[in-house]
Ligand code: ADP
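As structure tokens, one chain now follows by itself in the form predicted alone.
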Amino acid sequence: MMQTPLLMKSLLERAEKLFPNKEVVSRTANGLLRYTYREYGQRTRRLSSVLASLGVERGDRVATFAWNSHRHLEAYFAIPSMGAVLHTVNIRLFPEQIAYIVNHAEDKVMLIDEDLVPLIEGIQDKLPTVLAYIIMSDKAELPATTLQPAYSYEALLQTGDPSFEYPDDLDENAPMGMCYTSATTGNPKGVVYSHRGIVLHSYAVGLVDTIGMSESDTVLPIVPMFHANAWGQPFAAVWYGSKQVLPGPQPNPHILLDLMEQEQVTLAAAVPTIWLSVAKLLDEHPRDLKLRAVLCGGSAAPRALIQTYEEKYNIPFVHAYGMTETSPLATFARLKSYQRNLSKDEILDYRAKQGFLVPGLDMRVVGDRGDVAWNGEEMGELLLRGPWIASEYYRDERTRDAFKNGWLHTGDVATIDPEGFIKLVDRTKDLVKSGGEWISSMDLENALMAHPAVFEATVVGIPHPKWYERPLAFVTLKDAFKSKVDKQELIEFLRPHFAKWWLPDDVVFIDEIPKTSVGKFLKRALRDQYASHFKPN
């Protein structure tokens, strides 16, 4: 067989040759921008040419600090195709964390959206490795800034070469990108992706038994491009020639639904908190949507949310699982052919799980006594390995804890049923240990969110003087039910489904549940704030 390297440039070249007239739609500060993959390819090559003229060489890290936009998509291919490393920086981290990430990666150039420039201006004196700042704006002229040296993205592109040639001799195992974990505790950890890993991951995104992305799809990546490669969608969509719709700066449910309806989006991907907000708006203002699936990951979606989309809106709701360290697709919740005749409740039970392993990967679920039984009951930590799974953290001693004997230890606690379906039970740090027994906060959360009055709910283990920990529930009610539902009603709602000792000892009603930079519930903040809730007076 030919030893043909798997390189990012081949994905771009296919789109240029086979789908030059397909469209990319990007929401900007000035409205919608539309252009073709032919124009996209020319601008992407211009950007590579410009970066080379600024001194970017193979292996150099180039940071992006941006929303989901056409310029960010250009950087997604311009940087790795020339042999440099695309470093997507999370725009929602604290300034100290951003400075840590940029310095740890030793970024040489930063590409920054205009509205985000003030965040970087505030820490420029802490970024000694950055030699140039490129501001991405709809304007041709350079916006006012204290960053030095600073350049206008659009002005630079006018000087670039639209026929810039990409090297053929890159090593497929060389780094093409990197992303840092969102880090709810400690400093973020860097994950490096190889050309080979991302190309193979892009193959996986197109499999019929996973996302099945194809040329006929219109793809809306809601999940940020600065987090876990927007779940690999931009890379795969370019390769397959899918129309892409990029939601731009500060997207909200109204904007997302407008784009879905106007552009006839067929695939959209986001975390559960986004789909909860979209569902709330759909209740108030129904839309004519053409979605063949909404993809949900990042954390487990409540069973009631899946049921709402599938039964009320007739939109397939598909669970997937992954993390920054897995590029991220690892499991996918597709029913097997012989499961389609199961009862509605049985089907929903499977769809509420995280699915079974994506082809190309291996997994184990390991408990205190070794690999757990495939009975859907025994719990253990999920371990993964494969060609798009990270093997270490970038220049980080914490690698010892997460990567052992060739396996990624995910930190996620799961069960596995006889069909091989994974069900996430909790993060290892979020399991509630009460009286020597484990309680799944995730199961309680999903059950609470099945109550018609509940908009969001999370459950946290709080120190207890007798039982070590007890579950404390935090609930945000829908507007129509505020002050009409009390703690006892919610606990009675849970009672038929759980053992008595699983039931939360208390329910705290709050206006909004705090969230991480990527939209997950920030349990640590609640755990710290309510640490003395169960202590005797």
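One rule holds for the numbers: they count along the sequence shown, beginning at 1. In this text, all values refer to a predicted model and were calculated from it rather than measured experimentally.
Keep in mind the form predicted together with this ligand is missing from the figure; the text below concerns it.
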Q.
in the predicted complex, does K520 come within 4.5 Å of this ligand, counting heavy atoms only?
A. yes
Q. Q354 near this ligand in the predicted complex, any heavy atom under 4.5 Å?
A. yes
Q.
in the predicted complex, does R303 come within 4.5 Å of this ligand, counting heavy atoms only?
A. no
Q) If you check in the predicted complex, is L170 within 4.5 Å of this ligand, heavy atoms only? A) no
Q. Okay, which stretch from 278-286, 316-324, 360-368, 337-345 lines this ligand in the predicted complex, with non-hydrogen atoms inside 4.5 Å?
A. 316-324
Q) Quick check: do T181, D412 and R427 each get a heavy atom within 4.5 Å of this ligand in the predicted complex? A) yes
Q: Note which of P221, G83, G232, G297 lies within 4.5 Å of this ligand in the predicted complex, where distance is taken over heavy atoms; exactly one does.
A: G297
(Q) Can you work out which of H195, H72, H201, H227 has a heavy atom no more than 4.5 Å from this ligand in the predicted complex? (A) H227
